[in-house]
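Presented below, as structure tokens, is a lone chain in the form predicted on its own.
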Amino acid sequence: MHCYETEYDVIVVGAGHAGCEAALAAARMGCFTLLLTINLDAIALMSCNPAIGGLAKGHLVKEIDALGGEMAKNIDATGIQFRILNTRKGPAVRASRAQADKQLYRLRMKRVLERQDNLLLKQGEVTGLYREGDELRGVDTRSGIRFLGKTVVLTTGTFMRGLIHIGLTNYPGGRAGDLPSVGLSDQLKELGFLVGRLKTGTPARLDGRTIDFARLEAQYGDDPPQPFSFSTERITMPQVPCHIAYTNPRSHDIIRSGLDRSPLYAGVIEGVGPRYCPSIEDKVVRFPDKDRHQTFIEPEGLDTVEVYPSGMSTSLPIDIQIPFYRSIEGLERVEIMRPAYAIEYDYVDPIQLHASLETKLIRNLYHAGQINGTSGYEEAAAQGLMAGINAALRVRGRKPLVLERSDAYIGVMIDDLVTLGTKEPYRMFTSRAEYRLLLREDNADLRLREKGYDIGLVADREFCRFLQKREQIAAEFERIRTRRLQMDAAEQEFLSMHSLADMQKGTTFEQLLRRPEITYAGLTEFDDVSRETPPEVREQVEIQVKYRGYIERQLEQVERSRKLESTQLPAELNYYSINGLTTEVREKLARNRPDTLGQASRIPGVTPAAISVLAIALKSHTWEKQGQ
């Protein structure tokens, strides 16, 4: 094994969405970073749907941006349709989503990585970790090169022992067209990690020239399109529509005819698939009474005819795939350019991670992305960002950055993973966040921008812009709190128009805005200052006024739980020696090794009574340590 002469601060393994964010974060924080990937031409490749964001996922992208990550900027520069989802619902569950030009997205991210100071990119398959004694010292590659590093971030995606299935035919692959990673997961098992098997899938890619789009329902994006990044002023890419199509009873009969050759139903696939993104054969079997299933026909880019039929993933044999896709109205003559397939891969149970994403078994080793059992580009990128940040902070001798459940969706996701583990692909939902009214897309910068600046990821120019926005919000909130109706002609006309004749002189603008029928846009009808207020300031003021009671209630809940979240549990604590805990609770605590009382309280089966016993035992443990 040839030892490369350079020692790196951070080595990132894998250049998917997690690896890109991890490498950029570490390098931007001043660490000499190496990014190793099996194929340099597949950096940030969208191996499944050509889109970023969606329900809860859009929240993650906004938070990545607020902390100084790249994903939001990348989709803003390459997106070809932008939509805000759930606009008729409250601000907590509104979410951004954008179709990407798949190749432009990949190429721009590669360009950003190549131009980043402190970052080197190299092609190579990592086959093992290199350790000297118990100390992690770097990684070994299949080409016989050993790279030394102070910290290592594993972002292996679906590549660890990846196995692709099309019908009863299967072959090794990290995704279609790429080789798998072999050897690394075996070593992780030998080191004591709990390695499991998961499955995911992707639809066929179809030739858009063979689809009759005139018979499909067009779906256009928002006009004007709203950017993801707080730094993007406007979207400049051309915008295109998607199209909606539906399966039918004939489609379902075709699927049923091939179930005996489906690897999913023939018992060939061992891994557990995603519950919330099932294959089309799964949908047909689970919902036999449903006459049709919807698909969005999404363009893969401006300069390609390939389209992506969202929601139509399958691992059925190709002789079933062809008639199935052709059974859909408007797709009767469709040609498949790339067949659909399922893929199985190894993951490591995230219960063996600290909240910093550092592994509990090996110091200075971090895991991020699908290796932790998650699904989705956004979930991966958010973990990669946090792992890269914390690897860099370790090199700098600083404490890790851990986001609480009340700080960010990123904090909710990581806490779910490291506290509960997962036996199926984990996907982010707004329902997972108990403080979701606090964790809105619109206020991600107010929650996280300062944290990103403090660790060195947010540039001075962007931070100054943020400070200006925050000051404007505070000033405008104070203005409407003290500005009162004078009952001049313009105000009286406005009140009469909105049937608010009962309003009295001296009513504040804040009180007026609390009325459900009044929006901030209404204030602009008679108030000059409101007309000149920037839209992002208007939005924050209106939400804070209208949801003030609910927001204050959630803040009180956060404060009550803060003591539990901040109380650390010593790594050496012997749970079997604590009187008052049941055997079941002891076993779960010993297995999970939670970092805090808050984490312990969320382990299924660990009761509030057990937490009280644990808190008392913790005080005794502290006194014993002090007396030694």
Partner chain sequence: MYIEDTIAAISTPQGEGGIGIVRISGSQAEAIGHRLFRFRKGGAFVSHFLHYGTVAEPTGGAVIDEAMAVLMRAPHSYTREDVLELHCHGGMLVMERILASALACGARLAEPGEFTRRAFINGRIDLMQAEAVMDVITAKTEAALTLAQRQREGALSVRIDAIRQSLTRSLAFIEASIDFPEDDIGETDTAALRSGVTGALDEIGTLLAGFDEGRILREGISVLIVGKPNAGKSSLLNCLLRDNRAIVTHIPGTTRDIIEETVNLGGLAVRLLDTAGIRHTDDVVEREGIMRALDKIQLADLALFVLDSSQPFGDEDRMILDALGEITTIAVLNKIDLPRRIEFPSKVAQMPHAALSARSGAGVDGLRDLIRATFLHGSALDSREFVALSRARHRDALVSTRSSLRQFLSGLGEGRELETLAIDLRDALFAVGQVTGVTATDDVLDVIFSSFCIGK
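Positions refer to the first chain, counted from 1. The shown structure was predicted, so the numbers you read here are calculated from the model rather than taken from an experiment.
Another form, the form predicted in complex with its partner chain, is not on view; read the next lines as being about it.
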- Could you tell me which of 206-214, 431-439, 103-111, 263-271 sits within 4.5 Å of its partner chain in the model of the complex, going by non-hydrogen atoms? 431-439
- Task: Please state whether every one of the three residues G124, I145 and R447 places a non-hydrogen atom within 4.5 angstroms of its partner chain in the model of the complex.
- Result: no
- Message: Is it the case that E298, even though its partner is missing from this view, gets within 4.5 Å of its partner chain in the model of the complex, heavy atoms only?
- Response: yes
- Using the partner position in the model of the complex, report whether L564 sits within 4.5 Å of its partner chain, counting heavy atoms only. yes
- Item | Touches its partner chain in the model of the complex: G90 (any heavy atom, 4.5 Å) | yes
- Query: Is S310 one of the residues lying within 4.5 Å of its partner chain in the model of the complex, judged by heavy atom distances?
  - Reply: yes
- Note on the structure: Assert contact residue (its partner chain, in the model of the complex, non-hydrogen atom within 4.5 Å, options N86, Q504, S496, T236) equals N86
- Though its partner chain is not shown, can you say which of H165, K199, R97, H252 has a heavy atom within 4.5 Å of it in the model of the complex? R97
- Query: Are there residues in 252-287 with a heavy atom within 4.5 Å of its partner chain in the model of the complex, and which are they, in order?
  - Reply: R275, Y276, C277, P278, K283, R286, F287
